[in-house]
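In structure tokens, the next block holds one chain alone, the form predicted on its own.
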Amino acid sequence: MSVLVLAEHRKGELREITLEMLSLGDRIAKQNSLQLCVLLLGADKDFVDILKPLCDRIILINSDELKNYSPEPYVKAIKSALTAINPSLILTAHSALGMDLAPALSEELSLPLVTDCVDVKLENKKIITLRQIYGGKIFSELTLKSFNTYLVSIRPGSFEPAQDLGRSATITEIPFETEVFEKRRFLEYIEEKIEDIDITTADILVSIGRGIGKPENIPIVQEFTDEIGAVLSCSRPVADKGWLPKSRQVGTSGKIVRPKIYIALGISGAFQHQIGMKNSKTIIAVNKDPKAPIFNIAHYGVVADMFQVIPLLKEKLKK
């Protein structure tokens, strides 16, 4: 019996959600004395070096049909892999790939599926999942009936990426019979245009929200941002109004960031925004509302008007 993580990769890079799922899988496997396995489809063997200390077994299925995601060959490959392994739980990402793959896999294999989970437990051979509903205002805990294998998709950003779990994986290669898949096939990746800067590479981010009030106030924050060597980012309302480019948006419909310092100015902190930045090393929040959700995850919080705080911070930095 095992926990099986479906590794996700794109354009020669292992997606970070794979490492996040391995953190969760490691916890579940240890609590239930299960083997932790990874299924790697159509990927370079370079990924094996990354994954080897993070799991007990790596199952490789390689074929040109699997180099890029397409549902028909992926479902077929996963189905063939399950003959070599007997997982109690299959973890996939709640990503663009996973949202397409998981329902198809559930239908093909008649597996119970819970999507967009932020936590999962396995107790007495029953799966307990935690999801956010009503815009993140309520946590919903679901306990599924006993079943041989469960399928769960995990929301990106819910767990710290695994580093070295002290495991040493064995490698199993499974052949894949190439055939023509008629319904859908991969054509090409259409890359999002980087309008000005990649905020995911910044060590310090100063992020503005609805509290900025109007676009004429942005230069005040931009000056402060430049003085501390940071990059300016924003929450969705600012991007939706066109006050900053969409490439600067942090959150589920923007970018997932993990800077060393994240300064949130006038951001209430809805769960969609929190997912995009909650794994920052240090979070500093400034908001007039003491009940703003951002304070629940901030390491340091200031209940005040951001325009009163910025001059004080600038003065401190000059000294």
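In case it trips you up, residue 1 is the first one in the sequence shown, and so on. Everything quoted here is computed from the prediction, not taken from an experiment. Between two forms, the rigid core is defined as the largest C-alpha subset superposing within 1.5 Å.
Keep in mind the form predicted together with a small molecule is missing from the figure; the text below concerns it.
The listed set V286, I58, A29, I283 contains one residue whose heavy atoms approach the small molecule in the model of the complex to within 4.5 Å, identified as V286. This chain lacks the partner; the member of P156, P237, P161, P245 within 4.5 angstroms of the small molecule in the model of the complex by a non-hydrogen atom is P237. The shortest heavy atom separation between N68 and the small molecule in the model of the complex exceeds 4.5 Å. Residue contact check for L24: none of its heavy atoms lie within 4.5 Å of the small molecule in the model of the complex.
Under a 4.5 angstroms non-hydrogen atom cutoff, the small molecule in the model of the complex lacks Q35 among its neighbouring residues. Contact check for A270: a heavy atom falls within 4.5 Å of the small molecule in the model of the complex. After superposing the rigid core, the C-alpha of R155 moves by less than 2 Å between this form and the one not shown.
Core-superposed comparison between this form and the one not shown: CA of Q272 displaced by 2 Å or more.
Annotation for R27: C-alpha shift under 2 angstroms between this form and the one not shown, rigid core superposed.
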